[in-house]
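This document opens with one chain alone, in structure tokens, the form predicted alone.
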Amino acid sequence: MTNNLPIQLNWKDPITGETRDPRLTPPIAFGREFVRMPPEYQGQRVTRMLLNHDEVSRFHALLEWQYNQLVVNDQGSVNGIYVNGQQLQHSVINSGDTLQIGPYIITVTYTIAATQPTNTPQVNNRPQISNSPQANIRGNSTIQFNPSTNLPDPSIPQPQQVTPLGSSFPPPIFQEQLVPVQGIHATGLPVDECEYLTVGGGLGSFIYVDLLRLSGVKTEKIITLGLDDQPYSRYKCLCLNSQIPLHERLRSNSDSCPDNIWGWPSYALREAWHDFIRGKVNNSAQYLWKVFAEPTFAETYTPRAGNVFDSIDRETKRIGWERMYRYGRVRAIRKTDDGRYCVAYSRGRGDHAFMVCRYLHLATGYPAIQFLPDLQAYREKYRDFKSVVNAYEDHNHVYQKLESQGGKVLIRGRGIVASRIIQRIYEARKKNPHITILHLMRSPKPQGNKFARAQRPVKNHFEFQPFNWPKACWGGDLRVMLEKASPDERQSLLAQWGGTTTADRIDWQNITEEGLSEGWYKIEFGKVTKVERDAQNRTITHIEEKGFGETTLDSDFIIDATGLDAKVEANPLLDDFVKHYHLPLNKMGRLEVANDFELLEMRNQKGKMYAAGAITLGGPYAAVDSFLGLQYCALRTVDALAKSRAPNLQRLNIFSSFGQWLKWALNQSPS
């Protein structure tokens, strides 16, 4: 072995969960500040890897070849380095070892020297995807939502163009920077106008529209475009598919009420009253105790899914949602020559129309489901959509077969969804004890993320936190800190606060402890190289395991519980107008928004465009895809509209707010 062989590094970004896998030649320096890492070492050019996190020192570690061995040396860092979960100052790195630097868990793999790495060009701070087949599989490994049914559909190619080749819609005038309104009418297609338009039609749109109605805007001034008349339809579908039935609890706070901007009465108080008047006094007291004592003396209260959906149903009727909603798949967004925006959308096959508005709100949600590339390759090779599934797809057949015949399940991912899948299989074992679980993780998790003096607990390689972000991110000092931070500081802060975590539920911890002690639940570590099918139609997962080389894991089913995808390029609509107007993206590859969530580059005279939800992660707010986060975004957006004297909109004050709360309590229309 020579001293100039390249190596493959692989890790998941602690904020987004996206995979990074550069192929580099040592020496490689790791640190938080580029200028503190040496450009050369012993006459060799050093590759400097920037890991933007406070747990990473300015110059943290150096990876180099020494006498035909790959060696890592701690450079006097504060938090040290971990090799395969063990803290060391100096260590030889073998192929397949994991190197942890701060929250970054990096798998190191030896490669052949046949092809030297090349620098990846970047545009707008986004690495450009290679045209090689492997790069395409890695970059496009997602499951798209069907534009007609709004359900996950693995048969849809990825991702589709907004305007397919040979299509005449949107028309050629959409190639212009400013689309002439006269030209839109000249197409002969239906053209409608409104003051306030929101695109998406999901929870982000609903919460924004709800606040517009509370602020005095009439229903005839508002239009929402989407694929479902129920704003929670996609969210409910994902909950049910990931085995959260209506009676189970969501990972959401008591006062995060999408139907009630005031957060009072909270879900805990509503549920406590519901049970109290039915004689369930102990249950009622338990809910209130949780809210009072959480999280130190009691588990955090979270609402039942069914109660949340019922409350939204009530509010949609109260504000007149059905009069504002229109079915439509949005195809393109353009500025108009009179200071407004034109949205081209399809109402069905061959049925197209336009909507022109002054104030445009984007709440498109997650455009796709992440799907591990090796599992995608398995599906494409064997056309097997039953044995290998994603947790967000409808996969109830897995549990039905397990309950009737038993079997072995391999789970990938260790976040909140994986915890719920384990609970569902635990319930299936009550009907058939001949069910076992293999939980495959890339590497051990020896310690949780740290911020200042706080550190998240870890047990059985699960990292625990009541919600997906620290609670102060919603309305406390962490929210203020992030809003004031620079783009680089925001990336670092989000890396420290975020990451893959699961809820700190005692029942989930007891399930894994019971499974480990009884032997039906087992944790494995390794990097997957490929997934195949054997002669008995069982899945065979090939992994590189530390100390054992390559080994295989057989199972009847594989469930991918790795999460959702919110990248701009995964959404054809966003990708189209970002490229058309050359919009900048933030450090996370999402839409760059101001503190009031406006897309400043899309301002068109008096016309303004705002965004909400996961497509803004990396901006001024951390918990953008939560109920309370969507409400905060709506508050900032509507407040900005009021300051700009948007028509028919009055900012809520203490008197009007109380009056609107009374109307909510009495279930009366806002206006």
Ligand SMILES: Cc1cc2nc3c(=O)[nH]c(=O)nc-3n(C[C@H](O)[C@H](O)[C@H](O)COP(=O)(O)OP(=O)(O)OC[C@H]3O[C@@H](n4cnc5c(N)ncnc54)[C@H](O)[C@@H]3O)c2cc1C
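All of these numbers come straight from a predicted model, not from anything done at the bench. Start at 1 with the first residue shown and count on from there.
Below, we turn to the form predicted in complex with the named molecule, even though it does not appear here.
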Exercise for review: Scan 376, 300, 555, 252 and let me know which has any heavy atom within 4.5 Å of the named molecule in the predicted complex.
Suggested key: 252
**Study point:** Listed residue (410, 330, 101, 422) with a non-hydrogen atom within 4.5 angstroms of the named molecule in the predicted complex
**Key:** 330
Review point. If you check in the predicted complex, is residue 312 within 4.5 Å of the named molecule, heavy atoms only?
Key: no
Check your understanding: Just to confirm, residue 630 within 4.5 Å of the named molecule in the predicted complex by heavy atoms?
Key -> yes
**Study point:** 4.5 Å heavy atom contact, residue 445 to the named molecule in the predicted complex
**Key:** no
Practice item. Check whether residue 372 has any heavy atom within 4.5 Å of a heavy atom of the named molecule in the predicted complex, and answer yes or no. Key: no
Check your understanding: Okay, which stretch from 34 to 42, 619 to 627, 49 to 57, 633 to 641 lines the named molecule in the predicted complex, with non-hydrogen atoms inside 4.5 Å?
Key -> 619 to 627
Point to revise | Partner contacts for 354 to 389, taking the named molecule in the predicted complex and a 4.5 Å heavy atom cut-off | key: 363, 364, 365, 366
